[in-house]
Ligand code: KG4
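Single chain ahead, by itself, as structure tokens, in the form predicted alone.
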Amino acid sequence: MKFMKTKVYQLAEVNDEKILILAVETSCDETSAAVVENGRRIRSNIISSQIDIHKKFGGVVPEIASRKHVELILPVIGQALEHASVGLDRIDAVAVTYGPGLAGALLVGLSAAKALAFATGKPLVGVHHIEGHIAANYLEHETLEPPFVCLVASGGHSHIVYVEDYGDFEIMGQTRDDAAGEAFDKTARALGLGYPGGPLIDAQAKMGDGSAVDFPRVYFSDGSLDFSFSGLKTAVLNFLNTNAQRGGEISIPDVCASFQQAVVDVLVHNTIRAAEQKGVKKIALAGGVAANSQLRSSMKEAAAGIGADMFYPRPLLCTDNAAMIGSAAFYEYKRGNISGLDLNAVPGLKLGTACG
């Protein structure tokens, strides 16, 4: 499967050259630009986070995010080029996230990237955001190559993806309601911990007992590898409300540990099943939730149990960043998948959308 592009043509052979991709990422609340060499080496990766701005609202406010992207996009791109010690004349292609994400936020990055591509005459490469998260592992592990199974878990996505080749993906499982990261954020809000919820719950869970509360785990009887975390979130709310009505004391670390254990158990179980079904011995993590300490340790242990190697990026590369977009774009560029200047934002873009 390929991602939707407006033009497809074969470029000259680039295997033995240093190909530099200038990448832009503005799908949510990070304004980021990076320069990536040959899909594996980060020459620069500038990230301007809006967490402190959105924290007071308990989540990302799309209009505010878009306005901040407008303010920051050009300075961030300038810093990326400066830190990489290259000029636009040395860049071989301009890459940009075009979906999924917040419509207004995506459009800011797209506008900047298309303007640069037009002004310089460089090819434009549109990148699927989830493809970028998967490619973050190529930046961390130079020897990692397909095929492998990758769990992509973040605030907006929970996907199990079979990566058969560069740019060739099969979705084996996905969320039917809340994404894993979304469940973390909503649970943290209910507990009064703040935003973003993932790191806060992870920290509290280290001081709690994961077996203190028996929260539900959803496994589908039809053999599906899909996820469902809405019921788990509701179970946490019901537990908190019931205890409040009874005047009972609540151990926040125990609730966090029990909630996190339930999420991790399902993520690990389904991912290991996917790897077994495909007969692969390489398992990767990607996305914001991939920074969770318990998920990393539990998945590594489960992978070892089936004789598989475990891969995951450093925490910085788990968050939204342009370097991962530049890595994914390199492999799309080599395949000749180039976008036209009419490329538009697709907020609900599905992984595996065919070329149109």
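Source: prediction; values computed, not measured. Heads up: residue numbers just count along the shown sequence, starting at 1.
What follows is about the form predicted in complex with the named molecule, which we do not show.
*Asks:* Among 208 to 216, 139 to 147, 154 to 162, 246 to 254, which stretch has residues with heavy atoms no more than 4.5 Å from the named molecule in the predicted bound form?
*Replies:* After filtering at 4.5 Å, what remains is 154 to 162.
*Asks:* Find the only residue in 99, 167, 197, 123 having a heavy atom within 4.5 Å of the named molecule in the predicted bound form.
*Replies:* Contact check passes for 197.
*Asks:* How about residue 299: is it within 4.5 Å of the named molecule in the predicted bound form, going by heavy atoms?
*Replies:* Answer no; every heavy atom of residue 299 is more than 4.5 Å from the named molecule in the predicted bound form.
*Asks:* Should residue 181 be classed as touching the named molecule in the predicted bound form when contacts are defined as heavy atoms within 4.5 Å?
*Replies:* Result yes; residue 181 sits at the interface with the named molecule in the predicted bound form.
*Asks:* Give a yes or no for residue 313: in the predicted bound form, does one of its heavy atoms lie within 4.5 Å of a heavy atom belonging to the named molecule?
*Replies:* Looking in the predicted bound form, residue contacts with the named molecule do not include residue 313, since no heavy atom lies within 4.5 Å.
*Asks:* Is it the case that residue 226, even though its partner is missing from this view, gets within 4.5 Å of the named molecule in the predicted bound form, heavy atoms only?
*Replies:* Answer no; every heavy atom of residue 226 is more than 4.5 Å from the named molecule in the predicted bound form.
*Asks:* Taking the named molecule in the predicted bound form, which residues along 306 to 338 bring a heavy atom to within 4.5 Å of it?
*Replies:* Contacting residues: 318, 319, 320.
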